[in-house]
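There is one chain below, alone, in C-alpha cells, taken in the form predicted on its own.
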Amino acid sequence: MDKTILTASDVWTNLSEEVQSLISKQTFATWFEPIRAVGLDEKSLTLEVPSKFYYEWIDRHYREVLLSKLKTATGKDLKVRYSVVVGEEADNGESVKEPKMFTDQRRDASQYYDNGSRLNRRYTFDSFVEGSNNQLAKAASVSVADSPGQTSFNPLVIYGGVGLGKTHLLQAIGNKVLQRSPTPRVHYTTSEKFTIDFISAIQNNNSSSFSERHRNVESLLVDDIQFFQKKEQTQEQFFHTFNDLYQRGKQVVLTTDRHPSELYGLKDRLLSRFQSGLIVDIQAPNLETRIAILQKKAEEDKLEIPYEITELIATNIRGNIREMEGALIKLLAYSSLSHSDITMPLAKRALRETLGRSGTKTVSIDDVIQSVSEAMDVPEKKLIGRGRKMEVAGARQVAMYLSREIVGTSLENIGMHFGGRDHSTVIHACRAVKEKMKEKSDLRRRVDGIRSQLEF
C-alpha cells in the first residue's frame, strides 16, 4: 500500500491541536492562530510567522513543547524553522516582501536552559520580586540554595495557588546551586514528567536507569506534586527515591498547589515525609508587588511600558502572576502586529479580551455607589437613603441598574444595600433606566462612562 504523504499543513494541524490542548484559548488565539506552515522536508518544518517578535517569543516559551509534539506527530526528530516576512525596498522604490529565515537553533538554547538539569536560567533569585506575600518562601529557598541538604529545611515544600511564583523559586534554587559550584548534580522535573518517565521505564524494562537518573543527584526539585495523587505505583517509586536521597543527606524541594495535608489520594507515609521538613506558602501579591513584578518583567525584556498601564494591569488582575504577565505579552503582541505605540485604549482592549466581559476587576455594590455618587454629584448617604427628589431618585436607579449589570448579584442583595428596599423596587429601577437610556442619549453616555470607569 502507498504510504500517506504528510504535507506541511497536515503536520501543523496535528501539531497545533496538540499544543492547543496544553494552553488557554486566549494564548492559542494570540500566538498560534496567525501561524502558517509553508514547508516540510526531511529535516525541518517551516512556519511562517508575522514578525521576528513572534518568532522570538514562541521560541523562548514553546520551543521544547513544539519539538516534542512535532516528533509525536511525525515520528521524526525534526527542527522548526521560522519564516518571517518583512518589508524591503526594491531598486524601483517599491516595497517588496522578503522572507527572513530562522531556525530553532539560531538562538543559543543554553542562554535559557541548562540541558542537564532542565532548569530555565531566567528563573533566578535576582529576577524574583519579593513582597510580604512571599518573603518566608524566598528566605527559605535562598537558605536551601546556599547549603543544600545541610539545613533542617529538608524537604522544603512550597505551596500556593496557580501562577504565584512557586516554579520560579524552585528553579532559582537549582540555578543558585549550579552558580556556586557547577559540579553538584541538580535535577528539575515535574510530577507529570516523573510519572511518564517511570511508565516508560517499566515498558522498556529500564527501571534501573530511571532510578539512577533521579537518585544520582545532589538536589532533586519536583514541581506540582499534587499530580501524584491516586498514582500508587508512581508514589511508591517516588517514596523510595525520596528516602534514598534523604538518607544520604541530599536536598529535596517540592511544590504543590495546596498544603500537603490537603493532598488526598497520597499515601500516609509519603505525606509524613513531606511534612518532616519545612512547609512554606506563597500568597497572592498586593498591588505594589504586582506593579513591581510587571516593571521587572518589562525591564528584563528591555521594554518601555508607561507606569499607568502597568498599574492598570496590576489593578485588574489580582490572583495570578502568570495571567498578569500573559496580559502584558498580549498587549505587546497587539503593539507589534499593529505597529502602534502602547496606549491606554490598547491596554484596555488586551485586558478585556484576556479576562472576558465580566470586567477586568472585581466590582462591589459599594464601588458602584461610590462611582455613581461622584459622577452624578449625589452624596452616597442620599443614594442609599429614602430621599425622593428627582435627581436623587434618578441617580439611585442608575446605581441599582449598574449593580445588577456589573456586579450581577441578586435583586434582594441590591435592595439591602439601598436602604432595605425590596426586589420589586430594584426591578422597576432597572427597567426605568433602560427605557430612559433609549430616549436620552446624554444619560446613556453618562451611564456608559460610569460603567467603563468601573470595569477598567
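The structure presented is a predicted model; accordingly, all values stated were derived computationally and were not measured. Residue numbers here begin at 1 and follow the sequence given.
Beyond what is shown, the protein has a form predicted together with ligand ADP; the following relates to that form.
Exactly one of L271, L303, I202, V162 has a non-hydrogen atom within 4.5 Å of ligand ADP in the model of the complex; which residue is it?
-> Only one option qualifies, and that one is V162.
Just give me the single entry in L383, I225, I321, L119 that has a non-hydrogen atom within 4.5 angstroms of ligand ADP in the model of the complex.
-> Residue within 4.5 Å of the partner: I321.
Per-stretch contact check against ligand ADP in the model of the complex, the hit in 146-154, 122-130, 211-219, 305-313 (non-hydrogen atom, 4.5 angstroms) = Checking each option against the 4.5 Å cut-off leaves 122-130.
Does the 4.5 Å heavy atom contact test between S373 and ligand ADP in the model of the complex come out positive?
-> No - in the model of the complex, heavy atoms of S373 and ligand ADP never come within 4.5 Å of each other.
Determine whether any heavy atom of E325 comes within 4.5 Å of a heavy atom of ligand ADP in the model of the complex, and answer yes or no.
-> Output for E325 is yes: heavy atoms within 4.5 Å of ligand ADP.
Can you check whether K330 is within 4.5 Å of ligand ADP in the model of the complex, heavy atom basis?
-> Because no heavy atom of K330 falls inside 4.5 Å of ligand ADP in the model of the complex, the answer is no.
Answer with yes or no whether L245 is in contact with ligand ADP in the model of the complex, where contact means some heavy atom within 4.5 Å.
-> Because no heavy atom of L245 falls inside 4.5 Å of ligand ADP in the model of the complex, the answer is no.
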